[in-house]
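This document starts with one chain, in the form predicted on its own, laid out as structure tokens.
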């Protein structure tokens, strides 16, 4: 599942079409990733509109066009955005293509767990403005994190980090990175965390998100060499801090890795 930084990377792939006009649209309107939307309306209204800008929040993207048109994209598990030459011929998994004179903006999703939403109006759609504040935003405060942890007191903290309404954009490997940095064992219940531990969780969540945006989101490169990320993926991984062999378990339905010595 693409996480915050991967989503930001793919959002920028459509920057190739900024300030350029859509000439035609190709869409597999019957596919489930367009569920609940009027793709006939999209195909009719989008030609003649210009792509004005875009932003990413959590695991979602919003593209703004002239004529008060908006396009929301959720990549799901296998969705990707890319730009192709203007004579591009869509394949079976290229479910939405916005053609321009200079390029074609493509959304592809082999497994179709993603989602595309279309909106017409002067203001951003409600499904966008209702999203929680980004982990990197000023509105994401220590108090907000503490209140959530208290509300989910009997939930394992690893599972809590994956709740998108609280930690938008944080996925599995990022959650393990945050906990390793904060020195918190993944299975600890939220209600057992002290104020200092909760503050550490808030601080490291912001650090990891900012660090991922500065590396992965730029050119899809790996995070810095001293991150837990690199050992986390190794079958015989060891803690970068103290060399302890990492432990593995399933928490909240996700594979989780941690250091038994420094995460207590």
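Numbering follows the first chain given and starts at 1. Note that this is a predicted model, so its numbers are computed, not measured.
There is another form of this protein, the form predicted together with the DNA, and it is not shown here; the text below is about that form.
Put simply, of 188, 77, 131, 144 only one has a heavy atom within 4.5 Å of the DNA in the predicted complex, and it is 77.
Proximity to the DNA in the predicted complex, taken as a non-hydrogen atom within 4.5 angstroms, holds for one residue of 230, 32, 238, 197, which is 32. Just one listed stretch, out of 166 to 174, 120 to 128, 81 to 89, 136 to 144, contacts the DNA in the predicted complex at the 4.5 Å heavy atom level, and that stretch is 166 to 174. Proximity of residue 8 to the DNA in the predicted complex: non-hydrogen atoms within 4.5 Å are absent; the residue sits far from the partner. Taking the partner from the other structure, the DNA in the predicted complex has no heavy atom within 4.5 Å of any heavy atom of residue 101.
Interface residue remark: residue 112 is counted as part of the site for the DNA in the predicted complex, having a heavy atom within 4.5 Å. Contact annotation: residue 21 falls outside 4.5 Å of the DNA in the predicted complex, judged by heavy atom distances. Remark: all three candidate residues (2, 151 and 254) come within 4.5 Å of the DNA in the predicted complex, counting heavy atoms only.
In the predicted complex, not one residue of 189 to 206 has a heavy atom within 4.5 Å of the DNA.
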